[in-house]
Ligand SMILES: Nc1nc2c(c(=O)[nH]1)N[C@H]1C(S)=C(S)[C@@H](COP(=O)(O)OP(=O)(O)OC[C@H]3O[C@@H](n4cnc5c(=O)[nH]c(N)nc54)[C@H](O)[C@@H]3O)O[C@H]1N2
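Starting off, we have a lone chain in the form predicted on its own, written out as structure tokens.
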């Protein structure tokens, strides 16, 4: 007999509220939950494929150990015994720094795993913890550290009469400005009430199609455009002079540098009409509420930190932060109550603290240790060399920049462990692959999306929403899969370590449950977890009495809109030749710039093993403007070699009128190891291979150029096996 349950979709970070039909102990249908107050029945095509994800024939259902002739299933306890023994030997011989952790996007929906992994690393004494955030949007936290964070937070999307998206398409990516909780509906409602949206993007995206102003620019020129918009706002007195006078420092330095970013200069450099630039600035500054927000693409392009800093500067110039007496949009639910104050917070260090890496003079930074240096840390011999790596919810071979270097690093490790649901490109190179439980096989809680409140404008839940989900189904019969946290707890037990989880010392004899860990995570929350569990559809726990508090009388903090490092970066921009086709490169002989994009039916490297999500194609199309294709003598479906100044990949051309001329648009996180390149039609190509982590990188935080990459292309004839 069929049963229906409410649940949290964990295919991605959006956590949509869903209804799950279970029959005979198996999930057979997933739809959106119309009674969920945050999502209103929304779920995307990926979430509706949870049954196919759970029962995929390619799913890893046992722990796999690599031997000379392939991977073979072994008992999980035996694998943990062997891993613990090898780890102990590595730490004894090389020290705890020899063990590194990489946690990525698929660890975010399983928060107990991430916390337990960090606890384990702390227990062994290793500082080598890396995340996908350091190669995705590290500019956000670093820019906040330079500019300062407004304690009461940003103005909410629900009240905005204007909004600006920089390289973001939240309708598809579920990130970047419009709240990712049914973003299409939220955008539709906002436009219906009269909100005017400005979009800066080289593509005519789904959001750009609905924009009041679309600045279709040359890729990589977002800092130029934003500096030009700041110049217009200041020159035309469109800024909030009272807020700037009271709450900021550095206005004079900012005003002086942006005078060089005249509309004519920006138009020439970014290849946008002057009148479009003027309209964009006037439209945004002419509103009363609303934010500028940015997406992954411009963060992966050169000077992502500068771009994010200028985003904050525009928001501050226009006074777009919550003010004293206004109701806090989200005082949080499964975390302690947030009583925001109408003042800046003290600024943390942006970089130069914590662990010092052995390459490129890099240190820890507000975005975390840079994953772009981890392959070097594995390959560089000597004291401190990384010998063991745990990849949790990630796929380094698909996600890390400089894929060929990553490939060599994965093979060089003495112990390479992946916690994964399939034999990914990385898993195939690992010594052990631990098959992990999926979203409907474990309890779930919505807290992770509260933890990112304030990561950037309009991130996290826009209202104090919370939801809990119990286990819905058991894993497939005969399988032996673990939760991520169980792996690190089990290793700690075997190595005689004491773990501290959410500030509490764990019982290392009597194993906790996931619910036990959730209780620790939610201790002291504004809404007790027990209360949240009473609402199977989730609930918005509003409290209009929680208002923005006044500024402390002794507060001397200011928002820094003239930061010396960012002013220096703007001076570097102005010093570059306007005709340069590569902001950091000496090479000017490239015909196109390759930009990253999101696809609606995949989530980074996840989803490409599900037939319903690959009905259009399993590969990674090289989307091009029809005019460019005609000029190059290319037709739809042609194979091309795309060459950067570092490496090359193959691509399959697809006509896309939404892409501006001179641009190739491809998704990141596709592909596999080099020996699989001839399977282009089935696995696509990895754009990270085109990136050189030792060149064109942010010297302070190590973020390399992963988008707006200068490239040439040439058609490939003949069988792929000969290429």
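Given the structure is predicted, the values throughout are model-derived calculations rather than measurements. Residue numbers count along the first chain shown, from 1.
Missing here is the form predicted in complex with the named molecule; even so, the following discussion is about that form.
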property	result
Candidate stretches 186-194, 344-352, 161-169, 284-292, one within 4.5 Å of the named molecule in the predicted complex by heavy atom	161-169
Interface residue in the predicted complex among 487, 430, 595, 624, criterion: non-hydrogen atom within 4.5 angstroms of the named molecule	595
Heavy atom within 4.5 Å of the named molecule in the predicted complex - residue from 126, 446, 315, 205	205
is_contact(residue 614, the named molecule) in the predicted complex, heavy atom dist at most 4.5 Å	no
4.5 angstroms heavy atom contact with the named molecule in the predicted complex for residue 298	yes
The named molecule contact in the predicted complex: residue 600, any heavy atom under 4.5 Å	yes
Contact of residue 135 with the named molecule in the predicted complex (heavy atom, 4.5 Å)	yes
Residues 321, 451 and 548 all lining the named molecule in the predicted complex, heavy atom within 4.5 Å	no
Partner contacts in the predicted complex for 518-546 (non-hydrogen atom within 4.5 angstroms of the named molecule)	none
